[in-house]
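Next up: just one chain, as structure tokens, the form predicted on its own.
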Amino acid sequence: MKMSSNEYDAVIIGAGIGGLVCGCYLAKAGMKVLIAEQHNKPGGYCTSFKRGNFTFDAAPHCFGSYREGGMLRKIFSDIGIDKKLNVIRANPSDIIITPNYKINIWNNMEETIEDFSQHFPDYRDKIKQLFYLLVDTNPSSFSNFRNITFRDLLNYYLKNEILKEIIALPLLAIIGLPSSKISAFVGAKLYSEFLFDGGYYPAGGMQVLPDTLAMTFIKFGGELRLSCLVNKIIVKDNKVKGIILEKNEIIQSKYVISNCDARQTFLKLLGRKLITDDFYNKLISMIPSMSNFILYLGLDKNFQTSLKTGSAHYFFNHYSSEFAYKFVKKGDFKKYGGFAFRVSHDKSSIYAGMPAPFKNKIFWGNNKYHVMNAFIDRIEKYIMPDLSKHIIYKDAATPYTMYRYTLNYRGAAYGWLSVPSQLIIPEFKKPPFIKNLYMVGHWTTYGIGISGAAYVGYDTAKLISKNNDRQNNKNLII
């Protein structure tokens, strides 16, 4: 072991959006902060990569909650990156396509309500009541959603089964759960913060966002180490003392914040002996969210489409999220019957994805290219005839790819499965059995997606700053 000459106020494990946001706030507050990231670039899932002349977004294709007064707008303004980003927005942000309907989610709520109401005129008032409930910012409104499913919420307002499924199907494509299983709280948040207030995109690709956060963090005095794997969290007398890096370098720190997989944090970096039996039993009983299979297509300059570029499209050839969920869990993508896709703003590429089970390395090694080519065939059959004639580059990320680049348990796309029983569990944000250890990101059960991860990073930084100030004041008094 070799002891680092530096001692930090806080060390953050992982440069995902939650870790970067938390680091920016802490560094801006004057704390000495290190972020250690095992990948060679910051961002976690929120990264981009280049292949030839093409730039592809690895997983997220846009972000939400960026309206005036939105949480992400507040965070970006607080740390001063709102002026550094050139954020563009698609309108409509999202388009739902089924055998009989094509419905737009516009940047304006009234236009969205009108679009739905034109197809379902008998439900105009109910659609309006439901949609305005989903964007209600009163905490009491959302607290009522914690113990029910999104299907329960839809059933309360709507009788038409097709309408309920049209509203539910985008959530299945995004998070991999049917309305009967997804928490009403999470479903409402996805609609209010990602669909109704979505479609935002940083010009230059999603990598621009974590890169800008990283540069801002460094400007505030923070230190970022890439390609730096953390092997252990050091604990003495149930209090964190720092971390050990892969080359046996000891980094001393007052606080440790983990922005990585919860199982990895508690079972590997901490170790079973430091975890209480109650928490261990809860941890191993938790179910991860579905992973994703993502298709990346580079197109020639002759490619043309009437589809709205920059908008996220959700296509399904049926009206049953239950049916789709049953088969996607098995990896039967043909019977799943759906996919999400986005044609880039400049028409140079297509990003398409669908939920997918983790399986294992061997399964995806044997099936990646079969699934990829079948996926292209379905896009061509249902949405874009002659697409294959314009493809000059194609590749895909499997659930194993997602695991390999982020080390997320079973390649989970959104941390834990967003069912009511796995929502807002305080121990996953601030473990009570280890002092000065915190978690940020979607494994906390407090937030999903870019805006959710950013919120948890912001909220955790507030808690640590207050605690740090309180301890410093106590020391001054002594």
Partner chain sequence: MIDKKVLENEIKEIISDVSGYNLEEIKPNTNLINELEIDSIKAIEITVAIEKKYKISVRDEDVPKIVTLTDAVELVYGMLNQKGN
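All values derive from a computational prediction rather than experimental measurement. Numbering follows the first chain given and starts at 1.
What comes next is about the form predicted together with its partner chain, which is not displayed.
In the predicted complex, its partner chain stays beyond 4.5 Å of every heavy atom belonging to residue 342. Using a 4.5 Å cutoff between non-hydrogen atoms, residue 189 counts as a contact of its partner chain in the predicted complex. Proximity of residue 9 to its partner chain in the predicted complex falls outside the 4.5 Å heavy atom cutoff. Among heavy atoms of residue 446, some come within 4.5 Å of its partner chain in the predicted complex. The contact with its partner chain in the predicted complex, taken as any heavy atom within 4.5 Å, belongs to 146 out of 84, 146, 335, 389. Interface residue among 382, 405, 142, 393, judged by heavy atoms within 4.5 Å of its partner chain in the predicted complex: 142. Residues within 4.5 angstroms of its partner chain in the predicted complex, judged by any non-hydrogen atom, belong to 424-432 and to none of the other stretches in 34-42, 56-64, 409-417, 424-432. Residues of 85-110 are not found to place any heavy atom within 4.5 Å of its partner chain in the predicted complex.
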